[in-house]
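Below you'll find only one chain, the form predicted alone, shown as structure tokens.
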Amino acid sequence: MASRNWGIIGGGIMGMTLAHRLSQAGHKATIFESAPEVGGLVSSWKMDDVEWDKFYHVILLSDFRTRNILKDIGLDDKIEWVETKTGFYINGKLYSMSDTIEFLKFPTLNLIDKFRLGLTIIVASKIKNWKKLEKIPVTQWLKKWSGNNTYNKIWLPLLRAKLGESYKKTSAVFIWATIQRLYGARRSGLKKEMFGFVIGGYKTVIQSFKKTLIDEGVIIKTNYTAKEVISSNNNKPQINFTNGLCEQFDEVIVTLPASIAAKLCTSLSAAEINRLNNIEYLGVICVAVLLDKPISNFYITNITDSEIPFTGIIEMSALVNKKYLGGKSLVYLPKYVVDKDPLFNEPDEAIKKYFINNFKKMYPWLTDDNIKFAGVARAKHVITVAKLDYSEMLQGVKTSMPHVYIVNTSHIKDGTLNVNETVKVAETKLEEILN
């Protein structure tokens, strides 16, 4: 394709990756971001004297697409790798489940249950054709391989924690993709899975990525909220903004969530709008807590007790050296909910109180004196629910509007939401468009 002028709506990792690859292919690109800064879900914030990511993120050794981006922007030598541990909170008690011996000693499951749990993970890690799993409910698949006892004690609480009641309509691709991600490095010949982070968190990544884009000639316009995308008289797509300005391009890519893209692109067909509006998202409400001491040596603590409101505990300081966090321990308490959940309308103080009171139940020694900061971050469109035959329901990247494309995280058909999958969608869908 000859050099074209591209407009990209949305300045998250998706939009930035698209602009980067377009620039490398000899095209011009302009990113429009409604927030004051690019970054989207990987944005950072200030927690007193510490600045780190609003939501928790981790890099796996097998995240080759993310690592290629980091190489492009000069940060591949700024990744630190750490072997982490995993915990479970069951019936009011904490257990480690980080190696084979701990797995065999794990309470609440008998030996047959443990064998079937292990078998489930092995079977999922070996499956190549994920399309077949799209036709099987995740509940049915897990019961078949793990049995009812393991399903009820381990899988069901984890499904509820991650998907809310949406687990009932989710296909087995969800659990397959989760296991595939965690076992990806082992399949690529690496002895064990290590978790990594960039020194300074995603703030460092976004700053370097932004500098690289500007050096490549990409124009970045922040505080620009798109109002609509229309086809102009000369058949070029035009973006109208809420500030009254408008710009025309040869090609436009919308990276916003499906239902927002449907409202934005005014001339889509009824069938396209229907497909976009049928994509179901889960949002996240995440309380970040800075503590004066660590709570455990687990990076992830999975919670199977239904009375605890959050999905799990991510202790970032079990991964990130505390010297990068002002000597403090950073913990995330996330809860995944449908975008219409009333919790989204609760004030920050009420959410903090609700989450921290339950946090203290899990760790009774915790007092208010230990808590140096607590903040609430929210995002309404985070994970798409992988329903049965999900990939068949999706709107393609090309639309009925000439030279207008929609590329977003709903196109993650065989993975779980993370930065690597976002980069993969941007790169593979851009190839599709350019070809």
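Please read all numbers here as calculations on a predicted model, not as lab measurements. The first residue of the sequence shown is number 1, and the count goes up from there.
The protein also exists as the form predicted together with a small molecule; that form is not presented, and the subsequent description refers to it.
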property: Proximity to the small molecule in the predicted complex (heavy atom, within 4.5 Å), stretch among 265 to 273, 224 to 232, 144 to 152, 123 to 131; result: 224 to 232
property: The single option of Arg65, His57, His403, Lys387 touching the small molecule in the predicted complex, heavy atom within 4.5 Å; result: His57
property: The unique member of Val138, Ile313, Leu256, Val289 whose heavy atoms fall within 4.5 Å of the small molecule in the predicted complex; result: Leu256
property: Interface membership of Val419, the small molecule in the predicted complex, 4.5 Å heavy atom rule; result: yes
property: Distance check, Ile13 to the small molecule in the predicted complex, heavy atom within 4.5 Å; result: yes
property: 4.5 Å heavy atom contact, Val284 and the small molecule in the predicted complex; result: yes
property: Tyr336, heavy atom within 4.5 angstroms of the small molecule in the predicted complex; result: yes
